[in-house]
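Consider the single chain below, provided in structure tokens and representing the form predicted on its own.
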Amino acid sequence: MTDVLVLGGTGWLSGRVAREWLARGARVTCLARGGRPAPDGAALVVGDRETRDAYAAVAAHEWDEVVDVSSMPSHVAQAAGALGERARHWTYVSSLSVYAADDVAGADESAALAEPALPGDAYDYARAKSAAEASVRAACGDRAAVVRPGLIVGDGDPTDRFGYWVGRFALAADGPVLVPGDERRSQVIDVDDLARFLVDRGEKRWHGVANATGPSAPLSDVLRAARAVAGHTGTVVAASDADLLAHDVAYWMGPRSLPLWLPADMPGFATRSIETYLREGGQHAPLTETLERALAHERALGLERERRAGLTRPDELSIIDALGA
């Protein structure tokens, strides 16, 4: 039986990975702070990665696979130091945000990375992931797979980004919905597709680096699909970048944003090469299926709830009114 240690295992992606390993017959241990249960069938070891003895309970074991998703360089470095020699294979989940620049469309895994973060530096996500990758490579060498996902989407998404659109179209019903009018690209990966790919890397003890995301597509196509799944029959109000910024609408994520909308000076962000992912057997669920699952999740949480990302419905309607649409 394959012995798998998931550093985490109680969160969104790490929980999916733990369940996928369990479905394939592995013996899975999750190391987490507690407060949330491990998936059924997995053992939970409570450990705080901020402490020096976080890995004491698992450091003496020989692991066939270790999976880490952390974005804290100190956590990754400490884990790699404590467990690296006892892991036959290590899968580290990095991010497409690890790259130094997003100005070249179609760039592959050879593109330059952000400068690795140093102890004491202010937190920067790209530099944090770069430092974490370096720690894994140093500890595990050719026993490590580094996977760089794009925007992870699907049911259960805790960021509220992708689900905003299908949820908003559903909430609006026959009312107007505000969307970005200037053309942008989008590149997303279904959480279940990513989990399967990560487990496949572990099963094959594959080493290397792979961008793991979906095909690049116009954002307008993604929004059109979300509208169709939601059954929206109202007006779609397309606003220019200038108009959105003039009304203090933010890019990408967070409060008062239009999620997935990117600045014009990032033409490479949603156009990364996925040739390695496809060559290694990575798959893509139909976008409609992912949207349907996301909508079911949105409905379960409540379409009118307070969200982590997006515009409130009153703010959206106020902007549409101000635009004269």
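Residue positions are given as counts along the sequence shown, with the first one as 1. Just so it is clear, the model here is predicted, and its values are computed rather than measured.
Separately, the form predicted in complex with a small molecule exists; it is not shown, and the next lines address it.
Screening R127, H75, R143, R196 for any heavy atom within 4.5 Å of the small molecule in the predicted complex leaves a single hit, H75. Shown without its partner, this chain lists R256, R27, R299, R33 as candidates; in the predicted complex, only R33 has a non-hydrogen atom within 4.5 angstroms of the small molecule.
Residue contact check for R161: one or more of its heavy atoms lie within 4.5 Å of the small molecule in the predicted complex.
In the predicted complex, none of the heavy atoms of H284 sits within 4.5 Å of a heavy atom of the small molecule. Looking at G202, you'd find every heavy atom of it more than 4.5 angstroms from the small molecule in the predicted complex. Taking the partner from elsewhere, V93 is found to have a heavy atom lying within 4.5 Å of the small molecule in the predicted complex. Stretch 64-72 is the answer when you ask which of 64-72, 276-284, 289-297, 258-266 has residues with heavy atoms within 4.5 Å of the small molecule in the predicted complex.
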